[in-house]
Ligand SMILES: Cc1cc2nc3c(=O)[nH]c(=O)nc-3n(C[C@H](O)[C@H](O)[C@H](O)COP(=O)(O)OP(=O)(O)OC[C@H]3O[C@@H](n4cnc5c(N)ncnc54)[C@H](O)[C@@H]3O)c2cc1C
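Single chain ahead, by itself, as structure tokens, in the form predicted alone.
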């Protein structure tokens, strides 16, 4: 699987200069005419998806009102958190003021959304206020359900050998410190976990394992450390070729793979983790609904494992106020847990004035910033078509991308979509998606962050 690099450093810089930031990811925006309107559009969420839509719609619409509901003053570049947790980046590199991205003319409501009354086209806020809308874009992101792991809390990250890259930027920083403490001890057992639900950046648990392996190997004492990876299903990644690659690489690097186990409890003081054996026929595989009652059912076999370091990946879902609304999926694999949208048009399946984008939607893949890049033009075009009473003109291919870090200094650019069993959709002729390279590492480390900000600003 090892192939020679296709570009040297000088050639990469030439290519990067020629490409420009906006073309580092595919599906660049095409300028279009503006639409005169008096409509009120509410966008829930100011992460990558919500901010991209605010900028795009602010450019396309003249008149009317666009309201962005986002309580946070700081925007977090979450694709950089694995680099922070791996000790490569400093945390302040991932933060910018949200005010830098909110477009002029958009009303910014700095409050949490608390409810959605889809039948009456109304959003409730945490402060008791309400917002009426004619069109709604749901871009609320994902909820981290640490509470479904007994004894676990995000406040524990960084203590008792516990790490979790997902918890927050502070959690990513403390995860790096927890890994370094384990390394400094000179020996011991590390356990890396995966969640039995869809997660944002599905490659992150694998990246954390690979970068930690690099640090262990660099310590010169690799043989003194034991590394386990506990997976709830048979697969480690949704793209079939990459799944087999990761399994083979883990085996080559001495990682003990154990399948069909989910992390069910943790005892921080004793540094012990309980794993429930869910079996090969369990529902807890790639993208099934998450229900607390099912998580806590009795009579399943469990094992207790000691650890010196553990990386915890929490179960994830849409936020509770979305789950409690009529917009949640009513049947199928995403029922009760994710927003009910047509995965190709991004329009809600039962409320045509509602669109979804980003991590909140029920889709077999797509919980990445690169997915937002591909989805945003589709939502823009189709929402404006609905406002004009026209047929929906745009379709999402399912495109998503993961710069799969396979070690500090090397990565693979994995791009794929819905069709042909998640077949590769490579964007760049100089990058082989099956090849580990320094080129892709440089893209992840230095080039993708400016491209991400261009997406937020509606420029890409």
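As the structure is a prediction and not an experimental result, all values here were calculated from the model. Numbering follows the first chain given and starts at 1.
What comes next is about the form predicted in complex with this ligand, which does not appear here.
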{"query": "The single option of 71, 364, 103, 336 touching this ligand in the predicted complex, heavy atom within 4.5 Å", "finding": "71"}
{"query": "Candidate from 179, 191, 329, 204 lying within 4.5 Å of this ligand in the predicted complex - any heavy atom", "finding": "204"}
{"query": "Region of this chain that lies against this ligand in the predicted complex, out of 377 to 385, 260 to 268, 219 to 227, 319 to 327 [heavy atom, 4.5 Å]", "finding": "319 to 327"}
{"query": "4.5 angstroms heavy atom contact with this ligand in the predicted complex for residue 406", "finding": "no"}
{"query": "Distance check, residue 370 to this ligand in the predicted complex, heavy atom within 4.5 Å", "finding": "yes"}
{"query": "This ligand contact at residue 158 in the predicted complex, heavy atom, 4.5 Å", "finding": "no"}
{"query": "Residue 197, heavy atom within 4.5 angstroms of this ligand in the predicted complex", "finding": "no"}
{"query": "This ligand in the predicted complex: contacted by all of 82, 166 and 444, heavy atom 4.5 Å", "finding": "yes"}
{"query": "Residues of 33 to 55 having any heavy atom within 4.5 Å of this ligand in the predicted complex, listed in sequence order", "finding": "45, 46, 47, 48, 49, 50"}
